[in-house]
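Have a look below at one chain only, the form predicted on its own, in structure tokens format.
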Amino acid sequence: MIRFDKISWSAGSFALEEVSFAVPAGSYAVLMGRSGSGKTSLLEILCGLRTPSSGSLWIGDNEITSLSPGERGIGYVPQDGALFPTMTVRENIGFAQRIRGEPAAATKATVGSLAERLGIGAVLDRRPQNLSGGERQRVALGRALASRPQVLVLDEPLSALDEELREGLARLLKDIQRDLKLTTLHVTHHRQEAAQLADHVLRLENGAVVRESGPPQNG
């Protein structure tokens, strides 16, 4: 489960005030809302990239509010993928394992398995600038999954893709989420995308998250 408990944060004239909502364990939640409503800021707060002024964050029974990004057990795919341009696809996917000092053989096995699952085995030795938009998003997803996260967080991962690519990657996302039983929070502007993917559709309006579909949660 992901839980935001009265999270507040501000930057300049913009503020999120006491935002509270939960995503049930193992479910796929999609968060929608107008541009500038704070959806990306909420994801970055969850991932530890922004610090809330008050409130607490939980994954399951563990409070993560004061943990560093690397300690939170979250795989994050930002909107632009944020791949390392000087690294190959192989190096991008294996980055988290390498910085944790995992054995090279284990990293190689993980990269190979994910590349096969994501259909990017043929581009492992390319650099990001030599990939298509769909390939870059698959690499970013592979890098997020390589750390074996408890939670997957996706910021408009399909927004730069054409309709055919978006449809295929959406199916892949849902298949992976189900297979790995990952609690997932996905931001999008597209209602069709939300309908295809979401167990729960949430909307951020006027600083509050309301549930549009899916069973209501207690608390």
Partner chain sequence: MTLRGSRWFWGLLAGITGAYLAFILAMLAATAVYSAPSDLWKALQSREIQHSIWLSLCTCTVTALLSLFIAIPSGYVLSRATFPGKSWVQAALDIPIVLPPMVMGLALLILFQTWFGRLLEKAVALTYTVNGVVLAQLVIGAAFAIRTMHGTFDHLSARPEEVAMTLGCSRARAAWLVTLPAARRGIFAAGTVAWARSMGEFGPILVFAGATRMKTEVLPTTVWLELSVGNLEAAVAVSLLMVVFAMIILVAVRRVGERV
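All of these numbers come straight from a predicted model, not from anything done at the bench. Positions refer to the first chain, counted from 1.
Keep in mind that the form predicted together with its partner chain is not shown, yet the notes after this line are about it.
- Of the residues given (L83, V111, L118, V123), L83 alone sits with a heavy atom within 4.5 Å of its partner chain in the predicted complex.
- Shown here without its partner, the chain carries L49, Y76 and I99, all of which come within 4.5 Å of its partner chain in the predicted complex through at least one heavy atom.
- In the predicted complex, its partner chain stays beyond 4.5 Å of every heavy atom belonging to G26.
- Contact annotation: R138 falls outside 4.5 Å of its partner chain in the predicted complex, judged by heavy atom distances.
- At the 4.5 Å threshold, heavy atoms of G36 stay clear of its partner chain in the predicted complex, well away from it.
- None of the heavy atoms of S159 is located within 4.5 Å of its partner chain in the predicted complex.
- For its partner chain in the predicted complex, the listed stretch (185-193, 26-34, 63-71, 172-180) containing residues with heavy atoms inside 4.5 Å is 63-71.
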